[in-house]
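Taking the form predicted alone, here's one chain by itself in structure tokens.
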Amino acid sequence: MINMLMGCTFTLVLFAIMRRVNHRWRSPMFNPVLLCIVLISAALLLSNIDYIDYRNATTPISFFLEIAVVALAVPLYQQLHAIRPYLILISLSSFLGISCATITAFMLCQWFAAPEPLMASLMALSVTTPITLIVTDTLSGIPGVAAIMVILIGVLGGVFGLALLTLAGVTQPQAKGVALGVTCHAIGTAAAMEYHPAAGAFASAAMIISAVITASWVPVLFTLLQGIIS
């Protein structure tokens, strides 16, 4: 068993250490979120602590983490004058990004003959977990699968996103921010903020717009795709 004091202290201290590691060795592989996931998973396995007990022991962190997402709007507010002329372009990019992600996931599920509940769980993975769970519930998907995939995509995007965009020839911080905000939600936006203030602001805008588009458009698109296949 693990109590709340132990769980919160262990998690916060570990994250603080991993942040220092990340600042000391600037590498995507030292992403503090990724390192904490790996080390906490190892610690739970080695100490034979059930994940449900750990989750209950860290409830205060989960609560304040949800509130902290609001802080992602701060750079958006600070850079609003620079973002306003590009809102239509960001909205169009978000729409295309969400649509491409949904269609790609649908085609892969068809290719591998995935069962329908699994397919429904993989349709809305580019936005924050609460939005994903709402859409997944609407489509009769599996919330647990959707939650895991959202976190995995966010972590992979935070670790490799900037490097892949640079490799693809994307140089503007604003463009990198939009890409990370559309595809990797809050974790990608946090990575964009650490990279460049303008990237963080554009990522925040793209993340918010993508959440609205996903909630309203993905269920319709999923129904259309099912109609085409049948």
Partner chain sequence: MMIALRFIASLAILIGCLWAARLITATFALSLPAPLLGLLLLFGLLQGGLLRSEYLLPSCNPILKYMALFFIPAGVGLINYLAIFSQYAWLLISVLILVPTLGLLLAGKLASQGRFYD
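Heads up, when I say rigid core I mean the largest set of C-alphas that superpose within 1.5 Å between the two forms. What you are looking at is a predicted structure, and each value in this text was computed from that prediction instead of being measured. Numbering follows the first chain given and starts at 1.
Another form, the form predicted in complex with the partner chain, is not on view; read the next lines as being about it.
A.B. asks: Tyr195 near the partner chain in the model of the complex, any heavy atom under 4.5 Å?
C.D. replies: Tyr195: no, not in contact with the partner chain in the model of the complex.
A.B. asks: In the model of the complex, does Tyr51 have a heavy atom within 4.5 Å of the partner chain?
C.D. replies: Yes - in the model of the complex, heavy atoms of Tyr51 and the partner chain come within 4.5 Å of each other.
A.B. asks: Heavy atoms within 4.5 Å of the partner chain in the model of the complex: does Ala179 have any?
C.D. replies: Looking in the model of the complex, residue contacts with the partner chain include Ala179, since a heavy atom lies within 4.5 Å.
A.B. asks: Even though the partner chain is not shown here, does Ser47 get within 4.5 Å of it in the model of the complex, heavy atoms only?
C.D. replies: Output for Ser47 is no: heavy atoms all beyond 4.5 Å of the partner chain.
A.B. asks: Does anything in 121 to 141 come within 4.5 Å of the partner chain in the model of the complex by heavy atoms, and if so which residues, in order?
C.D. replies: Leu122, Leu125, Ser126, Thr128, Thr129, Pro130, Ile131, Leu133, Ile134, in sequence order.
A.B. asks: Once the core is aligned, does Glu194 move its Cα by at least 2 Å between this form and the one not shown?
C.D. replies: It does not reach a 2 Å shift.
A.B. asks: After fitting the rigid core, is the C-alpha of Phe10 off by 2 Å or more between this form and the one not shown?
C.D. replies: Passes the 2 Å threshold, so yes.
A.B. asks: Quick one: with a 3 Å or larger change, is the Met18 to Leu162 CA distance smaller or larger in the model of the complex? Answer closer or farther.
C.D. replies: More distant in the model of the complex, by 3 Å or more.
A.B. asks: Once you compare with this form, do the C-alpha atoms of Ile49 and Pro143 lie closer or farther in the model of the complex, given a change of 3 Å or more?
C.D. replies: Relative to the shown form, the pair is closer.
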